[in-house]
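The chain that follows stands alone, in the form predicted on its own, written as structure tokens.
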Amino acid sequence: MKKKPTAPYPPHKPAAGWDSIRSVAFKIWEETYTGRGVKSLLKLNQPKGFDCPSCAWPDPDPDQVSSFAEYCENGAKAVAWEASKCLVDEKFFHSHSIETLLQKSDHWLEKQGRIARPFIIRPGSDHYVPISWEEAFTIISSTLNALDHPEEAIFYTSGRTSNEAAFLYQCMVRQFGTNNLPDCSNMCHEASGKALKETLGIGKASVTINDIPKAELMLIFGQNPGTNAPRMLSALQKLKANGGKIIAVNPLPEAGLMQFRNPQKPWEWIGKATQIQDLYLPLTINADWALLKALQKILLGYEREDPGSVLDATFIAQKTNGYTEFLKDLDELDQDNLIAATGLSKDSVTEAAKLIKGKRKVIIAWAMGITQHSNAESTIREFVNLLLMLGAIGKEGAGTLPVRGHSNVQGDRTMGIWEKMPDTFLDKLGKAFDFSPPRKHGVAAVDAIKLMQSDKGKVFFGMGGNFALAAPDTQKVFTALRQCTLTVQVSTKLNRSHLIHGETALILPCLGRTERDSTPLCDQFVSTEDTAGRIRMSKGDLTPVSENLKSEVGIVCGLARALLGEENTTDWEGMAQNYDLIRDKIEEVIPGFENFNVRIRQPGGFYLPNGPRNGSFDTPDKKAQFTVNPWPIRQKAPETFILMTIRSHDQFNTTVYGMDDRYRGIKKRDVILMHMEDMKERNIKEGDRLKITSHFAGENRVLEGFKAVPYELPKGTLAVYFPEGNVLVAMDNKSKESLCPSSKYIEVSLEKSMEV
């Protein structure tokens, strides 16, 4: 039988190893002074250093932290990027108009360096000009106080904001009178939080980093750890060394899940790399639900043939509810139809079931390949169903692992950055600060765009991030931001959101994680929460790149006093000088932070309470919930494709460090990944430029001129890079439960672009 030709991409090279070391060295040399860069890396993720400003992967326990290199390639890039030797100053903006800057790439914008001082662009102007901090706060506060209602203002938050800054930020916003607190969670793991909260009682991971090596089996769905959480590979390597197995489920093969060389172990840089995945299931996009139900049916069949060999009947009886209804629904499903929907062979699905059979220590990990679907919550509830069948919750080496993206995105939510915080939180917040918090729910990210579109959202304040590019439906986001009376961005480096601005726009530059945060009292530190719920100290020690920067805490406190007036009784000035006072207030309001100022100073910090980790569930009946989730079938036209957005290895979120997607062998960003047979059927050759048109609810969106690249992915499936692909994501193509955009399921058609 003649073997089918395979695509030239990806090149199937091992992840990490010497290539990572070389890439880090180049970025340090390119972006910053070598001594400054090396000094930062020696403090990165150390118990007395600063938390990585990149991903939220947990640090090892203090006695297991590498004193030399407790970081990954992309974490080092983030540090080099932040420690830039270049400055965006008055001279820069004098030489560059908004019109000129809009023609530059996003990579070029951020590469210009750190923003050196506050800047403003006034109505009718095309240039940012310097402004003092005092005048900036006056303009913001007077504009906000002149609104007809506080709900005309939107206060967005990025994941990198510290716990202390996030807590004060939401407190200021609620004292102002609104719950309009959208954040980046609305666009990534919102579905995880919702599904886990209703089934297990808490919307966070139930495992820690120490559970991973103890697992007998890990299933990884819709995640690319080699790029998005590279330090996860070290934990997976330990799991493999202990005899554990790994099943990878993803439409694209990812280098980090195939072969890995630990960059902290030079003896691994040559010779045979560690094979991470034992079984790879390249299912079709959004067929995860069908795969999970097929696995459940096969495992149930094994159990009925040999009772007690697969399911944990004691756990199910004592710790769960809803099992009878779950079984009834499962029995009504047709196994062959489920397997057919996955695009996988029956043999490969059966092989996966056999790997699961007999295991009790099972972890299921996932990321945005799962959460950015209209039916994400149903899929995540099926993860829980599978784990509950096995009794794989509440024990070492077993449980749920939603792998959060940005550092402290989880901490922001813990601190109250959410448009619908529960009354228990608001009651304690009001008591601690002597005010009555608003109770009406605010807007999440997608609805914030609609509020601005309707002219009812007149002020947009961004606490970090790059909302203009991170949000879906790019052109509508641009239009919405430009309709605002005022836009404000708290930032470290220049990005697209500074150029897509309101009638008046302000840039407020803040300290980075790497930099020393000094007040007249002493040097301060902040805290963060990782994806496993551990709270740790973060203290930078580099000299700030400019004397005109303020900390995030300093910005919030200064603005809060100007906005809320001298009569406001909150001690904004005291908290700006002494962050211990902020942590005292956090302790008053949020459970789990008892004795905060003492415990945060202990090496490694502390874990927040987590019921499922201990086998207890904060649900109405105090049991874990089996659920019944209807088959989430989405219809599409026969001639169309399903496209997903992906990230390259040389980027983190909207920050593009370079053009080299090394693990995929691609060195350009204006590309569309296609199956070779799809290209052949449509007479498309590698390098042909294509017009991509997305279709949703009768509306079309277009991305023009992207080059075709043959790639190993399921037939009928396409991929483009984020954030470029966001222009194709309709705002209403989202989950009805969490409102998370469906960036991994976009129906599109293709045609060749007209030759220029």
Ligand SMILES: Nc1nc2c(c(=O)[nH]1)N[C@H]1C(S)=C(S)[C@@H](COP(=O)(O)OP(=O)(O)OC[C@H]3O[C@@H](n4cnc5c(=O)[nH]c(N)nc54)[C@H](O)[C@@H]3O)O[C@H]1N2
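Fair warning: this is a prediction, and the values are worked out from it, not measured in the lab. All residue numbers refer to positions in the sequence shown, first residue = 1.
This protein has a second form, the form predicted in complex with this ligand, left out of what is shown; the following refers to that one.
- The contact with this ligand in the model of the complex, taken as any heavy atom within 4.5 Å, belongs to 470 out of 576, 443, 144, 470.
- Comment: this ligand is not present in this chain, but in the model of the complex one of 560, 393, 545, 646 has a heavy atom within 4.5 Å of it, namely 646.
- For the candidate spot formed by 527, 538 and 581, no residue has a non-hydrogen atom within 4.5 angstroms of this ligand in the model of the complex.
- Taking non-hydrogen atoms only, residue 128 never approaches this ligand to within 4.5 angstroms in the model of the complex.
- Residue contact with this ligand in the model of the complex: residue 744 places a heavy atom within 4.5 Å of it.
- In the model of the complex, this ligand sits within 4.5 Å of a heavy atom of residue 156.
- In the model of the complex, no heavy atom of residue 208 sits within 4.5 Å of this ligand.
- Look at 336-344, 596-604, 637-645, 146-154: in the model of the complex, residues with non-hydrogen atoms within 4.5 angstroms of this ligand sit in 637-645.
- In the model of the complex, this ligand lies within 4.5 angstroms of at least one heavy atom of each of the following residues of 279-298: 283, 285, 286, 288, in sequence order.
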